[in-house]
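Just the one chain here, the form predicted alone, laid out as C-alpha cells.
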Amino acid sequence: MAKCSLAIELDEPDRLYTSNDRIRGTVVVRADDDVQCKGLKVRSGWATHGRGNIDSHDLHSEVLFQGQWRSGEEHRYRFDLPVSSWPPTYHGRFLSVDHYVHATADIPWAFDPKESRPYQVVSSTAPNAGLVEKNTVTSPVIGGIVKILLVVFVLFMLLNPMLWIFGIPIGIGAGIWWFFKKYLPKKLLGQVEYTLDQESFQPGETLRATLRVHPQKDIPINSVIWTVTGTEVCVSGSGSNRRTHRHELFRGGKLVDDIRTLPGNKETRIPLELELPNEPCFTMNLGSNQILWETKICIDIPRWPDWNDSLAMQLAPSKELVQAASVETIDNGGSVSTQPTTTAGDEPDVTFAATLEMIQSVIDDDRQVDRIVDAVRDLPMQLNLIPQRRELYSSSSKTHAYPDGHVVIGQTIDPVMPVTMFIPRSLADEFDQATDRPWSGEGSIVGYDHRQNRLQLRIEP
C-alpha cells in the first residue's frame, strides 16, 4: 500500500554529462499518510532497452533517509552521484542506452514507490578491453586450447568406435569446406595480406586499409570487393526462445574492377579508403546488446573459389565530438531530447508485443521483470487488448490511476498476459462496449503488480 509519492528534480536537466562528472539534484517526497520508511535509496546507472535482453549497471547507490514521514508533509533530500562515462547515451533502431537516476522508498507491507529520471551522457573515450575483436588473428593461447581440444576429441573417438558413425561425416564436411574456402584460394594467390592502418577510428574519419598480393604466376581476377558495415546486434530470450535481431547502421565500401590480372613474382598493393559516417554509433559490447563494426574483403577469381577475409574495427568517440555536442546543446537552448525518437514512417524502437515477449521470457524472476518495466515505463505504445470487467480502485491503483477514471481488468492478445488498465473517464463508455472484444489504442506501461501478476497499463485519452 503506497502512502507517498516520489519525484526527482535535477539541478541541470538539460546538461550533457561527461567523464568524471557528478549529477546533482533533489528527491521530493510527498506523504499522503503516516509512513515508516526503512530506506530512501537513490542510485545512478545505465540500462538498455529495445529488442534485446536488458543489460544494466548501477554505478553508485546511497541511502538518503530512514525514519517516519507524517501525512501531508513534503520532504526534499539532496543527492550527489557519480556519472558513468561509458556507454554513452544512444538511441538507435533496435538498441537504446539511457542513463538514469533511480529513487526507491522501502515501505514495509506496502508497494514501494519508485521514480526514475533520465539524463544524457557523452563520452570522450571508450574502454579498450573487449571491444576490438580480430576475426583473422587468433592468439597463441586460444590456438593452444583449440589444439588440446582436438587431441582430446580424437582420443575420445578412438576409445568410442561407435562415435565414428557421426565423426566421419562431420570430418569429411569440415575438410571439404577448408579445402575449397581456404586451401585452393591461398594455393593460387600465394601470400595475401589484408591490414587496416589502425584499429580504432572516429566518426567522420577516413578508414584506410591495404591489400597486398604476391602470387607466383599471373592470376586473372574479376574484381576486388571491399565492404564496411556497422550493425546493431541484439539478443532476446534464452535457450530455445533465443533470437538475434540485426539492424544495419551503415554499409559502404569499394569495388576495384580496373585490375584484371595479378602479375606473378611481383607484389600488387591495393590501397582502400572510405569516409566513415559522422554519426556517434560507437562500438559497444554490453552483453546481449552490441554495436559491431566489421570490414570484409573478397578477391573474385573466375572459375575458382574466391579468397575472403574480414577484420573487426572500433568506432570510438573523441574529445572534439564531446565539445561539438556541448556547443550544439547550448545553441539549441538546452532542448536535449531524453527519450528515444523515431523518424516518421520508421518502426518504433520498442513495440508492445516485443516488450510482452521479453517479460514472459523472465516472468519467474521479479527483478528482471521490474528491470524491463522500468526500461519502457511511460514510453508511448500502440496497445492491443481485450477489456473484461471493471474493478474498484485499490490502494495500489492510486499511483497510476486517473483521478476521475476507472480501473479495468483484461488481457493482452498476442501474447496473452493479464493486465490492469487505468482509463480516463472519457473512455469509460468505449471500454464498456468493448468488453470481451479486442480494443486498440495508445497507452504506456506504468508498472507490474507482482501480487496479482498483472501488467499495469495507463490508457491515453
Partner chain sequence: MDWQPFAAMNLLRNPFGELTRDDRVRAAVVDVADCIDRLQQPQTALQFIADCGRGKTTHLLSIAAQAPAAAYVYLPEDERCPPIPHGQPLLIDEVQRLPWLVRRRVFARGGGLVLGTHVDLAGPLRRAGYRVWTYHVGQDLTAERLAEMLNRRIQLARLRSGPIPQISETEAADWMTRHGSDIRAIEFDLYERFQQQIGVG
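Numbering follows the first chain given and starts at 1. No experiment lies behind these values; they were computed from the predicted model shown.
We do not show the form predicted together with the partner chain, though everything after this point is about it.
Student: May I ask you to choose, among D218, D80, D309, D112, the residue with a heavy atom within 4.5 Å of the partner chain in the predicted bound form?
Tutor: Partner contact (heavy atom, 4.5 Å) among the options: D112.
Student: Would you kindly say which of E442, D449, D11, D14 lies with a heavy atom within 4.5 Å of the partner chain in the predicted bound form?
Tutor: Flagged contact: D14.
Student: Any of the heavy atoms of Y194 lying within 4.5 Å of the partner chain in the predicted bound form?
Tutor: Although the partner chain is absent here, Y194 would stay clear of it in the predicted bound form, with no heavy atoms inside 4.5 Å.
Student: Is T206 near the partner chain? Define near as a heavy atom within 4.5 Å, in the predicted bound form.
Tutor: Answer no; every heavy atom of T206 is more than 4.5 Å from the partner chain in the predicted bound form.
Student: Counting only non-hydrogen atoms and a 4.5 angstroms cut-off, does T412 reach the partner chain in the predicted bound form?
Tutor: T412: no, not in contact with the partner chain in the predicted bound form.
Student: May I ask you to check whether G92 falls inside a 4.5 Å heavy atom distance of the partner chain in the predicted bound form?
Tutor: Flag for G92 set to yes.
Student: Tell me, please, which stretch of 299-307, 364-372, 219-227, 96-104 lies within 4.5 angstroms of the partner chain in the predicted bound form when heavy atoms are compared?
Tutor: Of the options, only 96-104 has residues within 4.5 Å of the partner.
Student: Residue by residue through 39-66, which ones have a non-hydrogen atom no more than 4.5 angstroms from the partner chain in the predicted bound form?
Tutor: Result: H49, G50, R51, G52, N53, I54.
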